[in-house]
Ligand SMILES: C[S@@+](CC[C@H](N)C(=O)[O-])C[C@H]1O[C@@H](n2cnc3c(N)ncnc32)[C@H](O)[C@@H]1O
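Below, in structure tokens: the form predicted alone, a single chain.
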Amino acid sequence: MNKLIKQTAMSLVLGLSLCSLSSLTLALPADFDAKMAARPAADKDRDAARHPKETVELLGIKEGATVVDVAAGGGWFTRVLSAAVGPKGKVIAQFGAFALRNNNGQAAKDLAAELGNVTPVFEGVDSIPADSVDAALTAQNPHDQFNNSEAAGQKFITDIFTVLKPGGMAVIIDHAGSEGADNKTLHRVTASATKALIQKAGFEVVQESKLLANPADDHSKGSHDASLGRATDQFLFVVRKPAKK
């Protein structure tokens, strides 16, 4: 009898484990890989350094989610997030007013029209309603704010915290700098300084991933130095906005 109970319990655990694995496997839409393969060649050339699929898996994005691409730049991650949330999901691509000033506004609008599930925003993150998005991602951006002033860096991270729903997740990526270096000139920031901003904003740090680490980059060169081939040593924080009790 005890043996039967143990076998039944083991079968139940195995079944639950398989269900969990299945849900993880099915988190991204079935056509995610096909959409990634259909991106422009210039985008795909950066995949080896940026690991897009692994990044969105760390973020835990599921089909149908609402996600914000903070400081979307040229829209590289906007395309990835668009594929990750599927046609029933939504990507808010926050380009900011700068995109309009430097004539990238039309390119952003064209990208949104092409992808179909993307809404471009040409204002700050604080223009997005609080507690309204499931997840957020920002890549290679916090250093610009932090190197302007610590207050600006704090606002940048806190604005991300504010727009997330309770329990929402974010991935924060940037070019790693070294303590005591001229990180402003190098367009870098230390992981420790960024982590301090993250925690002060109220985030829980879920993981400090080495996914984008590159030991060959000793942090002495500017992040745009051609010799790095756009493959800088980068830190990646997976963070969560605490659920309301």
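All figures in this text were calculated on a predicted structure; none of them were measured in a lab. Just count from 1 along the sequence shown to find any residue number.
Beyond what is shown, the protein has a form predicted together with the named molecule; the following relates to that form.
Looking at A139, V85, A108, I128, which is the one with a non-hydrogen atom within 4.5 Å of the named molecule in the model of the complex?
The option sitting close enough to the partner is A139.
Based on heavy atom distances of at most 4.5 Å to the named molecule in the model of the complex, which listed stretch, 108 to 116, 128 to 136, 157 to 165, 68 to 76, is the contact stretch?
Partner-contacting stretch among the options: 68 to 76.
In the model of the complex, does R50 come within 4.5 Å of the named molecule, counting heavy atoms only?
R50: contacts the named molecule in the model of the complex.
Hey, in the model of the complex, does F146 get a heavy atom within 4.5 angstroms of the named molecule?
Close contact is absent here: in the model of the complex, F146 is far from the named molecule, nothing within 4.5 Å, heavy atoms only.
If you apply a 4.5 angstroms heavy atom cut-off, which residues in 84 to 98 are near the named molecule in the model of the complex?
The stretch 84 to 98, when checked against the named molecule in the model of the complex, contributes Q94, F95, G96, F98 at the 4.5 Å heavy-atom cut-off.
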